[in-house]
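Let's start with one chain on its own, the form predicted on its own, as C-alpha cells.
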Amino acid sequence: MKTFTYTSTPSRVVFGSGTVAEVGNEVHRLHRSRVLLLGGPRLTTVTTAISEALGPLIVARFDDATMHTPTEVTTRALALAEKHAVDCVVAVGGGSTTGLSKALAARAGYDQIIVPTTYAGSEVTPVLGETTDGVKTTRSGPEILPETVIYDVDLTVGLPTELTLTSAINAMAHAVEALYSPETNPVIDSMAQGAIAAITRALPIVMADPTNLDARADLLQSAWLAGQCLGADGMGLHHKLCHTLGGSFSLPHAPTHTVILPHAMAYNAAAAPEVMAKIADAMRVPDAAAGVYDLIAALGGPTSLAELGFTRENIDSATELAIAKPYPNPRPVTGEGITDLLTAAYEGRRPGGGAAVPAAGQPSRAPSSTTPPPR
C-alpha cells in the first residue's frame, strides 16, 4: 500500500472554443480593473483580439517576454507595471509569457489570467523557472500559481507544426516525470497516463491536419492535465537537464524537452520498470523510451541536441551543472551516467538501438549516426 498526500491546485479553468471572449469577464470576476497585457510579435492577431475584448481595462502592454524568463526582462516589465499602477496581468502565448507573468506575480502579487496558445502546461503550476547570469533556477509557491486559465482551442490552430510537435512532447514530459516522482498518487497517475495516451493519439492527427479542432482540443486538454501533474509532483532528472541546457546553453525550451525525454526515460527505465510499463501501455508500444523517440522521429521532430546547436565540447560542463545539486530521481544521478545520456542525446541515438519505427501512416526516419549532422 502506498502512502501519499495530495493537494489540488485552485486555478479556475475556462475551456472551449471562442472562450477568449470571456477574458474581460474574468478580470471583473477578480475585481481588477488595470491590466498589463503580455504578448509577443508572433501573436499579433491573438493579442489584438484580446485587446478588443479587454478594451479600456488595458493600461499597459509588454511584448518582450523572453525564453527561460531572464530576470533582467522581468525587471523591465515590473517597472512598466508599477508605472501604470497595474493590478492584474493577462498573458497570452506560451511558456515565455506565462513565465514572465509568474515572475511579476511572485514579486508584486498581481492576479494572473493566462491565455495559452501552446501546450506548455506551466500555466497551471505554482512553479517558476528564472535565469540569472546564465543559470536557471526554479522555485515554487502559492503566489506563483495563476488565478485563471482560459483555454481557447481556436488559438492553437495557427501554431506552426514544428512548435505543435515539440510543445506537445514538452507536455508529455510533464506527465512522464510525474509518474516516477516520489510524490505521485492515484489521481496524478490517472491524469498522467490519460495525457500520454491522448497526446500519442492526437499528435499525428494534428500534424497531418492542423485545423482538426477535436484533436487540437485533445492536445490542449492533455497539456492542462500534464501541467497539473507537474505542479503536484515536482521535477526530476528530465526537467533538471532541460533547465540546464536551456538556461546555461540557450537551447530552445520545447525542442530541448523533445530531444531529452526519451533519453531521460531510458536512463530511468531499469529503476522504474512499472512506470515504464504504464507509459508503454498508454502509448501501445513495446518500449516506452523507444516509443517516444519513434513518435518524434516519425513526425519529423528533432532527435539530437546537435540539431539544436549544442556541441560535444559542452557535454562535460553540462554534466557538472546537472549533478551540482541533488534532486529526486528513480536512478542515482552520476556524472558518468549523465555524460552517457547527454552523449546519446547529442548524437541522436534511438534508445535500445535500431532504426526508428514509424507510426501508422508516417514515413520512416532513421536515427542519427554517431557522427553529428553538419552545422
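Just so you know, these numbers come straight off a predicted model, no measurement behind them. Numbering starts at 1 and runs along the sequence shown.
Only in words, not in the display: the form predicted together with ligand NAD, which the text now covers.
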{"property": "Any non-hydrogen atom of residue 350 within 4.5 angstroms of ligand NAD in the predicted bound form", "result": "no"}
{"property": "4.5 Å heavy atom contact, residue 122 to ligand NAD in the predicted bound form", "result": "yes"}
{"property": "Ligand NAD contact at residue 96 in the predicted bound form, heavy atom, 4.5 Å", "result": "yes"}
{"property": "Ligand NAD contact in the predicted bound form: residue 101, any heavy atom under 4.5 Å", "result": "no"}
{"property": "Listed residue that, although ligand NAD is not shown, lies within 4.5 Å of it in the predicted bound form (heavy atoms), from 215, 269, 128, 165", "result": "128"}
{"property": "Contact assignment for ligand NAD in the predicted bound form, among 260, 198, 149, 159, heavy atom within 4.5 Å", "result": "159"}
{"property": "Which of 61-69, 303-311, 48-56, 330-338 lines the interface with ligand NAD in the predicted bound form (heavy atom within 4.5 Å)", "result": "61-69"}
{"property": "Non-hydrogen atom within 4.5 Å of ligand NAD in the predicted bound form for each of 228, 278 and 295", "result": "no"}
{"property": "Sequence-ordered list of residues in 248-268 near ligand NAD in the predicted bound form, where near means a heavy atom within 4.5 Å", "result": "253, 254"}
